[in-house]
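Let us start with two forms of the same protein chain, each given on its own as C-alpha cells and named structure 1 and structure 2.
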Structure 1
C-alpha cells in the first residue's frame, strides 16, 4: 500500500505549481493507477485535472475508475462528451465503462454513446445499461475468451490470441455450444498444459457454476465466495452466455455491504467516511438521533403517567437506566445475529420459526441469570423488597421481550423484501427502551 509522505506531496505540489510537466510525468510513471487515484484525493480539483491531462488516455481512464464516485463525477463534469467517449469509455472494459456511464446525466450519456468509435463496445454498453445496478447484469462485463465446444485445443489457442488482444486479464476460458449456451469452463492453464488436437469438450469442466443476469449482487458474492473462484459466468434466462463478473467487483460489494450493515447498526443512515465533510456527516447522523429524541420524549410521556408513583417511591427512578439499557443491549444482539445470518446465507427466511424458538431458549437462560443476579444484589444492598422484586421481574420480562422482538422485526422486514439491516441499531434500542420502561412501570404499579 503506497503511503504518500508529506515530503512527496509537497514536492509534487510545487512541481504542479511550476507547471513542470516533464518532472510530473516522471513521478507519475512509477505509480499504479490506484495510487494516482489516492494521490488525487490529496489534491484539489484543478490540480487533479492538470495531472490527468499529463497521463496517457489508457492510464487516465484507469485512474478515473479507481476514484470514488463523488470525485469521479466532479472530474467528468468538466470533460466534453467527445473526450469522455474517446479518452475514457473507449479505453475501458465494458463493466468499468458502464460504471462511469452511470455517473453521467442521461443526455450526456446519449451524446457520449453516439461518439464511441467501436460500435460493438457501444452496443454492449447500451445493453448493459438496461440491467438493474444491483443485479449480476448490472456489474458484469462482456470481455471474455469464448470458444466452441467442438473446437480443438490448438484452434482455441489461435482464437484466443485474437480475442485476448484487448483484454486486461483472463482467468478462465468459457465454452459454448452452437446456440451460444454455456456448456463448460476451463482455467487458462489448460491451454498450456493440454495443447494439441483433443476437442475442447473433453478438456473442459462441465456444468460450471454460473449466475443469471437477474441474480442479486449479494448472491453473486456468496457464490464466488462459496466456490472460491475468481470470476463467474453470467447466463440469460435460456442459458446463453452473456457476460462474466470478476472477483474484484464483488469484493468491493462484500465490503460495502457489510460496512452498510455496520453503519445502519450504528445509527448512520447514509454511506459516509471519516473523510467526509462535517455537513455530510451531520446529514447522515442527525436523522437517527432525532428519532432517538422522539423515543426519549415518548419514554418521558409514559413515565409522566406514573409521576405519582415516582413521587411516592423516588427509588423507582434509580433502575430506569438499568431496565432500558438491558432491553436495548439484548435487542441489538438478537437482531445482529439475524441480520448477519441473512446476509451471509446461513439463515434462511424459511427457518424463521426455528430461529425464534432458539432465540427464546437463549433469552430464557439470559433472563434467568440476569434477574437472579440483580435480585441478589438488590436484596443485600437495597432496603426495599417490593422494588427488588419489581426490578427483577421486569428485567426477566424485558430480556424475553427484546430477544423475540429483535429476532422477529428483521425477519419480517426480510419477508417483505425490505433491507433487514434497517431494523438493527437505534430502532431496536429505542423501541426496547420504551417498552422496557412501560413494562417496569406496569410491574411497579401492580406490586407497590
Structure 2
C-alpha cells in the first residue's frame, strides 16, 4: 500500500484548495483504489468528498469498499439512495455490494434496493443480507462461471465465454447437475488437452472442497489455507451451489475478527480505531476499567478480613503482588493457548477434557518449579519458616488454579458461542487476582 509523505499530502491538499481538478485526477490515476482509500484517511470529510467526485463510478465504488467501515458510513450519509444504487451498488460484485448495504439503515436499504436496475442483482443482495455476516453465506459472492455436467465441450466453451464477459476475475469454473447441485470443478487445462471430450462430466474434477452457507468465517479461512485454494464454492443444506468465497474476502474478515479479538483481550469492549473521537474511545475502554476497580475493591475487602494476620505478620503483605501477578500471568498463558487452538482448528471443543488434563500436567510442573524457587529464596533470606511454607504452598495452588481456570473459561465461552478472546484479557487477570489473594490468605491463616 502507498505510503504518503508529508510533501505529497501538502501538495495534494493545495491542489484541492485550488480546485485544480485536472491535476488532482492526474495524481489519482496512478493510485490503486486501496491507496486512495488510505489517502482518504489523511483528509477531512469535505476533502474526501471532493476527491470522490473526481473518480469514475467504477473506481469510486472500489474505493468505497476499501474504506474503513466508519469512514464508509460517513461517505454514504451524504449520498442519496439513487446515487448509491446507480453509482455504487451497480458497479460492485454482490459480496462487496452487501458489505456496503450493511452500513445503511434498513429504510435506506429498501430505498436503494428499489432503485437498482438489475433485478437479479437486487434479488441476490436481498438473499445475501439474510445470512449472518460472520458466516460463509454472509461474505460470499454470486458471480461465478457455471457449467452443466451434461453439456458438450462446445456448449461449455460457448457458455463460459458468455458468462465471463460480466466478471472481473475468474478463479474456477464450477460444474453442477440438473438440480443445481455442485458436482465438480472444470479444469481449464482440459479444454485445451481434451477438446473432443463428449461431456463435461468426463473431464471434471469430482467432489471439490466446499463449505456450507452457515460455516463460520474462521472455518472457511482454515479450509482455504488447508487446501491451498484461492476460492471455495458455497453450497446450501442440500448441496446446491449458491456462491463462492475468494481468499481476499476471507482475509478481510479474518483481519477484522483478529482486531476485534485483540481489542477484546485488551479490555476494549467495542471495535474502535485510533482515529475515533475521545468520547468513542472512552466509552469502549471504560467498562473493563470499572470492572477492574471492582476487582481491586474485592481484593481489598478480602485482605481486610485478614487484617489481624497481616498485623501480626507484616511480611505477608510483601508477597501479595507476587501471588496476584503470577496467577494472572499463568491464567493468560493458558487461555491464550486455548484461544489460539480454537481459532486455527487444532483444538476441538469435543476434546476439551484432554486439553484440561494436559494443562493440569503442565501446571503441576510449572507450579512445582516456581514454588520451589520461591521456597529456596525465602528459606535463605526470610527468617520465618511458617511464612516461607505458606507462600510456597499458596503459589503452588494459585498457579494450578489459574492454569486450569484459564483453560476451562475459553472452552466454556466457545461452547456457548461467546468470543473466547474475552478469556485472554482482564477477565482472567481480575479473577485470578481475587482467587489468588483468597487462597494465599486462607493458607496463611491455617499455617500461621
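Keep in mind that this is a model prediction, so the values were computed, not measured. Numbering follows the first chain given and starts at 1. Rigid core: the largest C-alpha set superposing within 1.5 Å between the two forms.
Here the chain coming from the form predicted alone is structure 2, while structure 1 comes from the other form. Shown in the overlay between the two structures, fitted on the rigid core, is a CA shift at residue 377 smaller than 2 Å. With the core held fixed between the two structures, residue 190 has its Cα displaced by at least 2 Å. After superposition on the rigid core, the Cα atom of residue 307 is displaced by less than 2 Å between the two structures.
Taking the core as reference, the Cα of residue 263 moves 2.4 angstrom between the two structures.
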